[in-house]
Ligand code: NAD
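The chain below stands alone and is given as structure tokens, in the form predicted alone.
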Amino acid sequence: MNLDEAVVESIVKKVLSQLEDQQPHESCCCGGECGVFKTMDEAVSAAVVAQQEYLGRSMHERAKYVQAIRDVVLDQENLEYISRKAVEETGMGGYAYKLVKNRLAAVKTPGIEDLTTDAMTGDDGLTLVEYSPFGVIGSITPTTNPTETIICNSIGMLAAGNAVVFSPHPRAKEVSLHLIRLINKALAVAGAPANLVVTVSEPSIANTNAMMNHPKIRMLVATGGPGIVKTVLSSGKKAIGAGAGNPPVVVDETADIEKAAKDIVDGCSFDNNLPCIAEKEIIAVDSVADYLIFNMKKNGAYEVKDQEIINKLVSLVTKEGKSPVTDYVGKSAKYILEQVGINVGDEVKVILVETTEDHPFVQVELMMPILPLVRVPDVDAAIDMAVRVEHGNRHTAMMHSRNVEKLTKMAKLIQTTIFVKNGPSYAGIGVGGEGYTTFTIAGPTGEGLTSAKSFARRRRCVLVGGMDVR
């Protein structure tokens, strides 16, 4: 063999070796480091191997991998695609709002900086209390905020040292799988262990059950309705439940009514009312109710007064007044009004209906921009009603008032995870308000706005004798 033949043979061997490396993994449905598997058992098994390797990585490397997730989501092409695809696939929300929410999740979800250390020293030595990973976490994500939840949970769970197996909602399958593939490719480039973030190619109730019952899943995190939260809480595993809300907003006679009106319309219409934090009913002191309505109409609310039309709306968007009709969840006010024969422009963002406390629009969390208003004689009556209609979800509530005493009273009585004073609901997750962002808000289980430390165990490490330099 001459020199030229040897060089050619060497090149051929190298190319063949590269092609072999690129062949699909036998249990990975799409080839390469995509993180999408045919069965839940394969997905969990891959995540277990990945997390064991991950334990050996440094905090600096963890931070690098978290940044890789942020960067791939914030790539403008990716950000626009997942935002548009989420709306197209689920039929819920609006593209412009999804852009904001996905960007928010990527930028303002805490990373490893959330994992603070407590230290105690004395004559007997040094004790450290630190946050340590659970292992492999099973995360159930909703159709209302599919990509936002995957982004914030991936960042928080990996920052805490875990691997995560996602069980997306079937109606958000394509966009969820696409995002998980993007995250896996970014993590591979960053040098992370393969399969830290995984899922199955066909999300389903059966696969969700398989994940919840898998012995290698150490923690469950469910973001969704009361049914799935109840299921994970009955699993026998450590569980975080981010459940439903029915957030009331109280407006009293001391409020800045013009600002309150704009804030309420903006908060209620954000992503067509999909967020569980969004204003779902107004309770207004009678002396300011008319002026509030007047200013809400100036800011994009359309008031429906005809009782026949109101009844049509109830029949259209609820199942016998007991639960929302899925086809209208996350739809725009303009679209919903068209279904009852009312044509309006794009400037209309909220459907305003004055009614009573027992009305289905007050009692049922609709997750659509239909906003009932109930009048009450005074602020104390308003606060009492807000506590009742929130149904003990302990999720979110708002109040517009300059009366510190009454603001304090409502905050103490309603006991919600988020309480926004004199602002739109979304200020509670860091949009125009201080603080970090999450789309997994755990009222039922008490973690509140979840972050990396929510997905970790507190462990004590003790050194006896020495290390006390005081």
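When you see a residue number, it is the position in the sequence shown, counting from 1. Quantities reported herein were computed from a predicted structural model and do not represent experimental measurements.
The discussion below concerns the form predicted in complex with the named molecule, not included here.
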Wondering, does His395 line up within 4.5 Å of the named molecule in the predicted bound form on heavy atoms? yes
Contact of Pro110 with the named molecule in the predicted bound form (heavy atom, 4.5 Å): no
Any non-hydrogen atom of Ser154 within 4.5 angstroms of the named molecule in the predicted bound form: no
Would you please decide whether Val66 lies within 4.5 angstroms of the named molecule in the predicted bound form, comparing each non-hydrogen atom pair? no
Thr143, Thr223 and Thr440 each touching the named molecule in the predicted bound form (heavy atom, 4.5 Å): yes
Please identify, from 242 to 250, 336 to 344, 368 to 376, 68 to 76, the stretch that has a heavy atom within 4.5 Å of the named molecule in the predicted bound form. 242 to 250
Name the residue from Ile228, Ala186, Val353, Val285 that puts a heavy atom within 4.5 Å of the named molecule in the predicted bound form. Ile228
Partner-contacting position among Ser323, Ser201, Thr127, Asn209 - heavy atom within 4.5 Å of the named molecule in the predicted bound form: Asn209
Would you give me the residues of 159 to 182 that have any heavy atom within 4.5 Å of the named molecule in the predicted bound form, in order from first to last? Ser167, Pro168, His169, Pro170
